[in-house]
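Read the single chain below, which is given as structure tokens and is the form predicted on its own.
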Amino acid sequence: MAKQIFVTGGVTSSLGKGIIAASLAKLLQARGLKVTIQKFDPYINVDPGTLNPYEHGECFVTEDGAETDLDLGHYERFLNIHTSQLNNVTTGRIYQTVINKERAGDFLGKTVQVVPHITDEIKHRMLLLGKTNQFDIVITEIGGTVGDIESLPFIEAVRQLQWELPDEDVLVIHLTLIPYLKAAKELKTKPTQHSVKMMSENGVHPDILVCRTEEVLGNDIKNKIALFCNVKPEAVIEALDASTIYEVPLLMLREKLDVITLKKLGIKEYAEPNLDNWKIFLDKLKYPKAKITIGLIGKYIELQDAYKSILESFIHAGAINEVKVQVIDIHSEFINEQTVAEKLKGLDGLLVAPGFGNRGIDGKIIAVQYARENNLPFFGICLGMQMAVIEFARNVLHIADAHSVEMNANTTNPVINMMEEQKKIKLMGGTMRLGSYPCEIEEGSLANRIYGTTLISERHRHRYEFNNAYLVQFENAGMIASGTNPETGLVEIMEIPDHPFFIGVQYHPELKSTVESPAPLFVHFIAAAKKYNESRSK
């Protein structure tokens, strides 16, 4: 069975457990080990699929259609692997499973309790990936902060596994904060001491401490932390703030986080880490040759995590094109016919982001019209593609009331509609097209040039589709369906061949973009924006 590493957090949330876990996984992978990461979230929701983006950031979708925590996006981007529904478990899913078993009589009339029934289910889920014989090491990130009431069953499950499994098969890494008090000009270790003490009171003692800090710790501070937290000095890892999350693996390499991890797990045979491609990517990221500006039009721009995968895809594509991509957030609610030119002035490209609901729709349609009429490179994702369809129908086909049934259920021209079989489903999420689906691409199209093939597979998360009853009208007027689902005929890609770069896709290409395999659509969109910028400069 695979060895288990558990990553917990203390003192405060948002310290970056996901990035530390992904960075360690990257280093172990670079040494030739087979590694995967899973996330256990303490909230009661069964999955993040029904959560407002303002609540929890974006909902990341896996190949098999699981709606998961956004940290799984970090795991995939760092490791260049696919995760699945097994990689994300919530308290809601744990309790749902246990209650279903109780209703089915599986517990033979016993009183169902947090210990052992909930903790047994948590342990079962924690060990599942390790039993597949696909991995040498499974890293489990425990969401929340030690001391949270909802995290207690997960910490208890880790305690039990530490007791049940051999010492060399279980490792606990605790991420904590060493705050710097400017007034005193001192780093303070007391919050970390209290966090480790709280962990120990719950029966779990960390093997390694990763300390987030704004200032260099120094040996004196490390020795003090080691003494009062009862770990070896070499097990106190400094995690300085980095200019980009993609620097963190190299910082952890310098601190020898991977070496001490392998030592504590009793793994003696491993190769030197091969991070050549990672370093090339970082070099291009840190030293771009040009700068372009992309407008991101959305309705959740107040929270950067709501569009996390899109922003990371811009970083990947920018590095490939050796440009710095400056993203300007533009709230669609503040765009109208009077303000659109001013709002979009100076942009080299426009991306209309995904979303749900009616708020800000008119602004998105007006922005698409501006991009289409002014030859500004345009890229629409999911709802962004649908807005491009509605705009084209209204302003080129002159169908004045063209709309999506999501926003206007009574429109007489539903250019965006719901499939008949979806209309009978009532549960939220049940009407979604989720996960990876194939797409056939028309030869000679922009999409064909971008992907270099006629058959692709991309991930979806939506419930409304292009209405094929209008397809002939669209194509006769100059907007073509260059990509369709080969099984259902559903439109996946719409583009305007006469435009320098105008493409909208029903799927989410940002979900598959990684450091080593940037999403082709983003790479070519940034290349088009770079060309547009150069032409403007001339």
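These figures come from a predicted structure and were not determined experimentally. Throughout, we count residues from 1 along the sequence that is shown.
Just so you know, the form predicted together with a small molecule exists too; it's not on screen, but the next bit is about it.
Can you pick out, from His331, Lys197, Arg463, Arg125, the residue that has a heavy atom within 4.5 Å of the small molecule in the model of the complex?
When the small molecule is considered in the model of the complex, the option within 4.5 Å is Arg463.
Pick from Ile310, Ala317, Cys382, Ile450: which residue has any heavy atom within 4.5 angstroms of the small molecule in the model of the complex?
Residue within 4.5 Å of the partner: Cys382.
Only one of 463-471, 131-139, 182-190, 152-160 has heavy atoms within 4.5 Å of the small molecule in the model of the complex; I'd like to know which.
That would be 463-471.
So in the model of the complex, does any heavy atom of Gly143 sit within 4.5 Å of the small molecule?
No, no contact at 4.5 Å.
Determine whether any heavy atom of Gly360 comes within 4.5 Å of a heavy atom of the small molecule in the model of the complex, and answer yes or no.
Gly360: no contact with the small molecule in the model of the complex.
Please determine whether Glu442 contacts the small molecule in the model of the complex, using a 4.5 Å cut-off between heavy atoms.
Close contact is absent here: in the model of the complex, Glu442 is far from the small molecule, nothing within 4.5 Å, heavy atoms only.
Going by a heavy atom distance of 4.5 Å, is Gln386 a contact of the small molecule in the model of the complex?
Yes - in the model of the complex, heavy atoms of Gln386 and the small molecule come within 4.5 Å of each other.
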